[in-house]
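Encoded as structure tokens, the following chain is the form predicted alone, with no partner shown.
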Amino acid sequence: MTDVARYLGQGLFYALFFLPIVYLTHQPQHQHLPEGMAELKIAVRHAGATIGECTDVQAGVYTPLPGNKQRPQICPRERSPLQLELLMDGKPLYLATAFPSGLHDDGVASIYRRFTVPTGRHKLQLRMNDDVTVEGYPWVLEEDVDLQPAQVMVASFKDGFRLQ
């Protein structure tokens, strides 16, 4: 009879261990997005245009240096910040300026944002300027999108905007 009691005790302890696990796997209902909403993400990692022009080095400035270290020109390293604007149905949804990374502001600028937007048909406009010497937005994406409930749409940039 002691074996039966031991097996019943083990069964009770296993049940006490597994019942909370079964409850927690079925009970908490997680909903990533509210009903009738979709998610729009912007992921941009881009190096802006170099600020400034290369200047010629005056003769004799690098004469004491060895030949492989003499440079005919000095070029700036600093890059332009990115100016990004997102419009949905003609209304501004996001406006940001991302500055370049790096010690001398010579790296890439990064923008990553998520937006919860209503589903349905929308006119999406995404504009970016990566050169401080240019007025306006040289990179433009204008597209009509039909967002479905719980859909995730990503706008990325590599030699132009893409929607996925």
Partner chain sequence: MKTLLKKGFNQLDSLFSKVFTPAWNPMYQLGALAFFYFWVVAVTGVYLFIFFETSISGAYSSIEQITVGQWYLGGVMRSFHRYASAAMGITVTLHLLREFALDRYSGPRWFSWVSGIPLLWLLFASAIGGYWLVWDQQAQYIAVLTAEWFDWLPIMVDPMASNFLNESTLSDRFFSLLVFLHIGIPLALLLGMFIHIKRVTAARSNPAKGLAAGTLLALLAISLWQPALSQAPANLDVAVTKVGLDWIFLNPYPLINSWGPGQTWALLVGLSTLLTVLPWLPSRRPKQTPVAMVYPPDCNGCGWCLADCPYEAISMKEHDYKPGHKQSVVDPDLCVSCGICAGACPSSSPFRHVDELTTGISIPGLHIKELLSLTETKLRELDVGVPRIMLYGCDHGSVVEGMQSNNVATISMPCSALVPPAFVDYVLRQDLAEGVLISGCCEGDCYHRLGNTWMDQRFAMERMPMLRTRVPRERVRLRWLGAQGTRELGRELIDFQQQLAENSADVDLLQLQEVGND
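Definition used throughout: the rigid core is the maximal C-alpha set that superposes within 1.5 Å between two forms. As the structure is a prediction and not an experimental result, all values here were calculated from the model. Numbering follows the first chain given and starts at 1.
There is another form of this protein, the form predicted in complex with the partner chain, and it is not shown here; the text below is about that form.
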Residue 29: heavy atom within 4.5 Å of the partner chain in the predicted complex?
yes
How about residue 51 - does it come within 4.5 Å of the partner chain in the predicted complex, if we only consider non-hydrogen atoms?
no
May I ask you to check whether residue 106 falls inside a 4.5 Å heavy atom distance of the partner chain in the predicted complex?
no
Counting only non-hydrogen atoms and a 4.5 angstroms cut-off, does residue 131 reach the partner chain in the predicted complex?
no
Contact residue in the predicted complex, chosen from 96, 43, 57, 47 - any heavy atom within 4.5 Å of the partner chain:
43
Going by heavy atoms, what in 2 to 18 lies within 4.5 angstroms of the partner chain in the predicted complex?
6, 7, 9, 10, 13, 14, 17, 18
Please say whether, between the shown form and the other one, the C-alpha of residue 10 moves by 2 Å or more once the core is aligned.
yes
